[in-house]
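Starting off, we have a lone chain in the form predicted alone, written out as structure tokens.
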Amino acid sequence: MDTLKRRHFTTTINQQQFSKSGYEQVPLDPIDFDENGKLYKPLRLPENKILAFWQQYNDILIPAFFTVLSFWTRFYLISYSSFVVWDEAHFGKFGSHYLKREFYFDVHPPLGKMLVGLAGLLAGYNGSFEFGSGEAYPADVNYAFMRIFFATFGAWMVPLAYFTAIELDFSQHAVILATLMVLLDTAYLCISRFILLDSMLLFFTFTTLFFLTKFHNQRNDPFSIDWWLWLILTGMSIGCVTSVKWVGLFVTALVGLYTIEDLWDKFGDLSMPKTVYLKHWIARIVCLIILPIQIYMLCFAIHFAILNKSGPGDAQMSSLFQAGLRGNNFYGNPIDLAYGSKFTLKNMGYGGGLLHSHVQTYPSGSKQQQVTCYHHRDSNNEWFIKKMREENEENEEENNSTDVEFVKHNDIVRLVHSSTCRNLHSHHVNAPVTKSQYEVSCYGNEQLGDQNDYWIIEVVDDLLENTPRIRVMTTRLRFRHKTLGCYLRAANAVLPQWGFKQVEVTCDKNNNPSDSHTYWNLEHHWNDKLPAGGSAHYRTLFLHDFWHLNVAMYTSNNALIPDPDKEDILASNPWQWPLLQVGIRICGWDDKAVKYYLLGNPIIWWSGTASLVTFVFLFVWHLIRRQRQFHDFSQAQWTHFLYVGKICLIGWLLHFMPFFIMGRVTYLHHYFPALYFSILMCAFVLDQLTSSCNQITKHIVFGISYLAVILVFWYFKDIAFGFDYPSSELKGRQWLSSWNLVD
């Protein structure tokens, strides 16, 4: 434990004093205390060579033993199921897009999925497999190698837990218990063995906490090489964990709270020069804010550089971004909008889709044809722009001639849906979701209609140049209803199932010129009377694309809400997780199929939750006793007690409580990062409860704990390694009726 700092107290006694008193001087061993007030005795090697070897090298042998076990458990029978399991269907497909360099969209940042693509590349996979759910892997897809790639991240979690427990200054008993619990949790084991993001998320969560504890132990040697090393690595780890999933922001918040407390304590140190205090601020801003942001942005820059071809996720991005992708036909767009043109209209709000309509009608309100925003290419996204109905005869003459009339600012127009020939329409009917706004529908046809079919085009500006014409992709437009004065808007409110979960389009009564959700631009544009514009006209900026994609991810993530019209048997509520009241069948459940059940080791989950409650009682108990001047701890020990308790308890709360306020659908695996902090708390609390016991009692208590974890793991191991016999044979393992392990 190279980071442990000791205060040495040696007693020196005058030689003459001993001689005069008739005593012989005997040299005394130093009494060693670490910064947490714990006593360390000098190591005396036993005469037995084996024991001497063990005592000298156990700090290497123990973590090496656990690391070997970790890799073995993660790799064992990893190719047992030759079918696409659970979310391998999603993340394997994303990896395929990287190999084919096709742009796609997902709610998670790109680092983890880029690593999926890297795993496929190293496995010799060419990206041609569709990763259909439950589909058998073809012979040319080395799925076992890809699973091993991600299992490696899961395997490294075990030694990280070991060394983190050491940095938290746990006893050797507690260090082994924490390591054993991470090693033998069936949920950690199971989820690490597939092509998923969770093993990477957990790995970087573990590294962030490990680096933070290493940095904490350098607090008395600021600005040293080691101090800088662990601070920089903490920042890099934050950048990586947030680049896999935004859940990484929770451990980032833990580092942030630690940093705030640390700087606040230093602020109260009047002996610290102001220049040194300022250096502490600068170091943390650079390493814990700027560096992680740079890593996060770098992942997106690489993401954009790799995915340079048109793909299924194009519509989530701005029109200008799409124009830069290879394989699209934007270069054929005429640049300037003219009457009679057919076009698609994209909302410029972040996460905005394409103006869309289909033959289905609203179930209430006007019961007219629905108008929505849709994020995928479809012929129902196409519209014609025409003049007011009163000018029909002139329009027909213009359409038959070669003359072109360009659309301009403040023109009154009709937008006619290409597939159904109905007019974009609004009226005094409340929108189905956003009741404060007017409904937008499609109504009538070329002959049938009224004044509510007319819209006034307002040009906001052009992103690239100052021009009086309305240009494809670059001109920002607003559509004001001629009669109602409201503005066409799509603000990412999602329609129910009857609207196919597409985005609601409304007419906004409020004129807010800065509301980007009322901004629209032309995307595709067809007009045989106009020449193609070419690709040189379109260019975009990285920062705009980066921000646009992140807001689209945020919007889509918030749209993953529970569907009241559809039961999700995999979803669960956060309050069910700490007591392990649910498990997940992550594959088909046929008797002869290889099956996996995502369920934690019950003894680990329940004891972890119990330890969190126990710590709160211990804290209150000791706080009361200290107030009454009963000092069970030295000041150093009390500081250490609070430090570890805050890391574990606040870390658990940060990773657990946010799911109660999230509107999105939640699953058991969302609890896995929080579980780690409860495991550390369990080892710490047991360490505290046995601190006054003799060694034999400690051996017995921790030995029973080890045995319980091992036996329960062995009893439940098949659900993680996979089993191909009827689930009815596992009836004895269904300890709770809420588990659906057995039909």
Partner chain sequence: MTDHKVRQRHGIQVMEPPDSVQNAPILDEKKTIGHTKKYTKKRIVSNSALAILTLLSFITRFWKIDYPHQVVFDEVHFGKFASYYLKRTYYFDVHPPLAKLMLAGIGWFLGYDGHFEFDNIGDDYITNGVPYIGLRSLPAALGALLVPLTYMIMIESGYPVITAILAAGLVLFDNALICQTRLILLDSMLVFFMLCTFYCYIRFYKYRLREFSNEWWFWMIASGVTLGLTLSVKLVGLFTVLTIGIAVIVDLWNLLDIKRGLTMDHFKKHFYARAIGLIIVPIFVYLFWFYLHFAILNTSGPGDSFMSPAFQETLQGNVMSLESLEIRFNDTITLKHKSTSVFLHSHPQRYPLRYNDGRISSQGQQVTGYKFEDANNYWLIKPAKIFMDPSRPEDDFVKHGDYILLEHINTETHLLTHDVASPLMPTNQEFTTMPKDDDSRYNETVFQVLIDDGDSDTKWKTKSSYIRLIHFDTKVALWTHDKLLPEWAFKQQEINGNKNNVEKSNIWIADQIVGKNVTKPLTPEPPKRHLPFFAKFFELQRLMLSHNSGLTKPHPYSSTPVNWPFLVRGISFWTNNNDREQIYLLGNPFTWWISVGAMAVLVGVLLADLISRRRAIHPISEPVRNRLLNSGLFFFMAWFIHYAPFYLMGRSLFLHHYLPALICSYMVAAVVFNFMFVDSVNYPISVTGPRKAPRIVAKAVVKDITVITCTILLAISACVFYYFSPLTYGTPGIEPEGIRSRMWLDSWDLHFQPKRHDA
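Numbering follows the first chain given and starts at 1. A quick note: this is a predicted structure, and the numbers were derived from the prediction, not measured. Basically, rigid core = biggest C-alpha set you can superpose within 1.5 Å across the two forms.
As for the form predicted together with its partner chain, it is not shown, yet the points below apply to it.
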Problem set entry | 4.5 Å heavy atom contact, K367 to its partner chain in the predicted bound form | no
Exercise. Does any heavy atom of K342 come within 4.5 Å of a heavy atom of its partner chain in the predicted bound form?
Worked result: no
Exercise. Would G268 sit within 4.5 Å of its partner chain in the predicted bound form, counting heavy atoms only?
Worked result: yes
Exercise. Does at least one non-hydrogen atom of K592 fall within 4.5 angstroms of its partner chain in the predicted bound form?
Worked result: no
For this session: Name the stretch: of 221 to 229, 418 to 426, 632 to 640, 481 to 489, exactly one has residues whose heavy atoms fall within 4.5 Å of its partner chain in the predicted bound form.
Result: 481 to 489
Exercise. Pick from S514, Q447, N510, N410: which has a non-hydrogen atom within 4.5 Å of its partner chain in the predicted bound form?
Worked result: N510
Problem set entry | Candidate from L623, A283, V276, M662 lying within 4.5 Å of its partner chain in the predicted bound form - any heavy atom | L623
Exercise. Which residues, if any, of 625 to 649 lie within 4.5 Å of its partner chain in the predicted bound form when only heavy atoms count?
Worked result: Q627, R628, Q629
For this session: Kindly check if the Cα atom of K509 is displaced 2 angstroms or more between this form and the one not shown relative to the superposed rigid core.
Result: yes
Problem set entry | After fitting the core, G588 CA displacement of 2 Å or more between this form and the one not shown | no
For this session: Establish whether a shift of 2 Å or more occurs at the C-alpha of V433 between this form and the one not shown, with the two forms superposed on the rigid core.
Result: yes
